[in-house]
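Heads up, the chain below is alone and in the form predicted on its own; it's given as structure tokens.
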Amino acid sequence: MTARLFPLFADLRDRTVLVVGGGSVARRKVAALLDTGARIVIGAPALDPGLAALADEGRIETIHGDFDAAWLDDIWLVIAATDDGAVNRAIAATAETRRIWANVVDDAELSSIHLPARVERGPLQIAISSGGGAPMLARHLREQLETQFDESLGVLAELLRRSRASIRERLPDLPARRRFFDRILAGPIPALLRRGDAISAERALQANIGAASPVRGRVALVGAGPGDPGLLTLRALRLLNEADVILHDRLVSADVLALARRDAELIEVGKQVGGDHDATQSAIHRLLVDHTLAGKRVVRLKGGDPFVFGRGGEELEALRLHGIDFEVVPGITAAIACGAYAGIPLTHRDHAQSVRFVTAHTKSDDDGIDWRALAQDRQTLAFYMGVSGLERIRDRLIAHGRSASTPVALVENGTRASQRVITGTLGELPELARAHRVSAPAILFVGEVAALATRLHWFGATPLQRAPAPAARGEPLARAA
């Protein structure tokens, strides 16, 4: 896999940039550099008329002749824009030995830095790069963005730049300042600038700065779904981009966390197997309250849906006790999402008229579960957190009348690229899980619809069927989260 480029905006004021080449390509590169304040030096045997005119005007300096390594003395950046591949390679190699950033036009492999396609609106710039692999795509996207962002954005950026010091003085706390900008950008000021009323826009901004005051934080309890970031709601995505602090479960996928704002503080608060869950939950309550009272916007990010076999209700009760505002954003619970991604319809006119969500994670053998009701046929059972209790589930269902031949399906890492589906029968369930080394996160489906996974699967690998080899009944199963 090709390494990603790390985007930067370079301050080239009074720093020397060397462009090697005297043709039209070099002229385009120089044009992009003219407004940066850099000292631009052109090295080439001859210059095209456009470059010669810039030299006559004193806007660029020139070195006449063929490339020489001495040209790189005291250089910050070099751009190789010749039509001679050997010369370009020599420039790149010399720059590498001197630790000088080099861009070789139309040669991504030789370049240690890439010049992106840009959309400019005053001091505001949007840079687009394909890593040198698809420059036409970057150019196409730039053309699209040019039509979407009007010139008023440059005026807005300049207005905010001039007011930056007073805004920071009025709102020294970063979360409060961020919320201030959210209000400003969602308010009437951008519209005033679009219609050319810069005076009214500046008056409105100054009035908002004068009235600004620290704002108390708030909490959003957000369902992350089972893993695929595409299953997040739009509201969840917006809150992840606004959050100052994100308290997340251990099994929230890395792809979902990657959607958070880059400078958000990520705190893992997932419970560990064998740990003191009540103590961990109390610590979560303290973190929620402390960060919110500090004026931060907090997202409590829970796998699946926060109100399905989670402790979201307890967390909201703790917030209400402290008078903290909150909102709840539901997520797609694992049974619905994993069933869909495994090709298992939870209800079906021919097989199941109801579905039950059951937690297999209990404190004792006296679990309070109505096993007789669960053993009824023509229904689908979805067991959460059941990997470590498969023997108990099998034995109790069969003891209460469910047939050992009832189809079952285990869905591991449902909705993720690593999803696995294992199908079989209730009677062989523990051996099936041991043989395929099923581990959390996984969900168990019991019922006739589970057999449909072999015909209706559409995502990931083909479902595995039956145990590949006998496994010792006494061998421990993988532990659940």
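Every value quoted in this text rests on a predicted model; they were computed, and no experiment measured them. Numbers for residues come from their place in the sequence shown, where the first is 1.
Here the subject shifts to the form predicted in complex with S-adenosyl-L-homocysteine (SAH), a form of this protein not shown in this document.
- Out of the listed residues 39, 416, 436, 29, 416 is the one that sits within 4.5 Å of S-adenosyl-L-homocysteine (SAH) in the predicted complex by at least one heavy atom.
- The partner is absent here; in the predicted complex, the one residue of 442, 426, 51, 449 having a heavy atom within 4.5 Å of S-adenosyl-L-homocysteine (SAH) is 442.
- The shortest heavy atom separation between residue 101 and S-adenosyl-L-homocysteine (SAH) in the predicted complex exceeds 4.5 Å.
- Interface membership of residue 244, defined by any non-hydrogen atom within 4.5 Å of S-adenosyl-L-homocysteine (SAH) in the predicted complex, is ruled out.
- Although the partner is absent here, residue 303 sits close enough that one of its heavy atoms falls within 4.5 Å of S-adenosyl-L-homocysteine (SAH) in the predicted complex.
- The closest non-hydrogen atom of residue 385 lies within 4.5 Å of S-adenosyl-L-homocysteine (SAH) in the predicted complex.
- With S-adenosyl-L-homocysteine (SAH) left out of view, the stretch that reaches within 4.5 Å of it through heavy atoms in the predicted complex is, among 305-313, 194-202, 103-111, 394-402, 305-313.
- Residues from 321-338 that approach S-adenosyl-L-homocysteine (SAH) in the predicted complex with a non-hydrogen atom closer than or equal to 4.5 Å are 333, 334, 338, in the order they occur in the chain.
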